[in-house]
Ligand SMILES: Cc1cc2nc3c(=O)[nH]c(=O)nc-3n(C[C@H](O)[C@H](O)[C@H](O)COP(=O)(O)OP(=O)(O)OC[C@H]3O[C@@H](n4cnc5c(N)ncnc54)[C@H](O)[C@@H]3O)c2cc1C
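Below you'll find only one chain, the form predicted alone, shown as structure tokens.
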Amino acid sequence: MTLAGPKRKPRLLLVGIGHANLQVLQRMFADPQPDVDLIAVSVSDKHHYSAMVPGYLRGGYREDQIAFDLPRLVAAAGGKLIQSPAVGIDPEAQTVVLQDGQEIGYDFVSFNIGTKADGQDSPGIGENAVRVKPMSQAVNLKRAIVRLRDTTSPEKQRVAVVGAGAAGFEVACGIAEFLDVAGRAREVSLVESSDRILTGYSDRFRKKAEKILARKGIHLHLGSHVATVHPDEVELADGSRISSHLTVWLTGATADPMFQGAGLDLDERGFILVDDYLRSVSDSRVFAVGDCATLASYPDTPKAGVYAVRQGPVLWRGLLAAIKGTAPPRYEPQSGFLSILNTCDGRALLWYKGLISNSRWAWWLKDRIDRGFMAKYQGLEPPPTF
């Protein structure tokens, strides 16, 4: 008679600790799953909460107030953290490939890796611009603006922020206010290739945002395609140049190339296509959430963090259902969402179902929501070891 060996635990692999995978860690802390082998992969040992980064740049938050300690969080959930970029997936072998060539096997995998900034790998960008994706790069940006503040040069400190989406708008406001409070003469430019800022918002909202930029003296360059970035200037496609001691690259979202050639169905932009259960339409063992995924049934859903937050509970129940062989829950995106942009002057610009407000109460609401989100995870502690 042959005795069977111990049954192997199913392995759950979390790649990227964005808003939804973060909630899986919190749920596994609250509801431990000792029969699941949990491994998390992240490019950094910290996760910086994107909604609070502009306030951090402005000086309103410390780094420890906007960052999650991932080794502690993953340990609290009963898992193991591997700090490395993921560069590929082999669905047939059920492995994820890391930058160092290591292959991590999985039974089920959840990708929550966000996006890359369009054009960030173009010549001149990597050498001469500060990128904020992944969000851990925000620390490098803060160091750069501190250097501008502390420089002994009496000339204006010139900053160019490339990309006038929500992140670009907030970062431009944060840097401008930081230098203003320090008493430094500055010139901040917001450069956008399209003919409008804040694509996806209403005309009324955009006009309000443009008035805020004008009030702050932030120069807006619309229809300006960047050809390359030099150490001291941004060169545009028409040959004109914008002087810049610091260039920040925050262009629109593009898909991470790690899914290319993997045999998974992607949309026309390279984002992984998922069904109503947040699973790859071509492989039910592969889940993808947040900005790195496109919902096949709702392909026009914006790439915005509020959707990933709502996906978190559905992802958690779906992963448990996949592991246990039960029926998964269905996800349906909300029809609208609250958007609050930090103008970094004690006010915020709020948009919700036609309501627009640039006010102190909007900032109070944003700060309350953001601090509440952080508090849910910063208090988690690993189990004691004996």
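Throughout, we count residues from 1 along the sequence that is shown. Quantities reported herein were computed from a predicted structural model and do not represent experimental measurements.
There is another form of the same protein, the form predicted together with the ligand; it is not shown, and what comes next is about it.
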Could you tell me which stretch in 323-331, 34-42, 354-362, 59-67 has residues with non-hydrogen atoms within 4.5 Å of the ligand in the predicted bound form?
34-42
Interface check vs the ligand in the predicted bound form: of G165, G305, G119, G78, the one with a heavy atom inside 4.5 Å is G305
In the predicted bound form, which of the listed residues (G312, G252, P85, P91) lies with a heavy atom within 4.5 Å of the ligand?
P85
4.5 angstroms heavy atom contact with the ligand in the predicted bound form for K133
yes
Quick one: is V53 in contact with the ligand in the predicted bound form, heavy atoms, 4.5 Å cut-off?
yes
So, in the predicted bound form, is N112 in contact with the ligand at a 4.5 angstroms heavy atom limit?
yes
In the predicted bound form, M258 touching the ligand (heavy atom, 4.5 Å):
yes
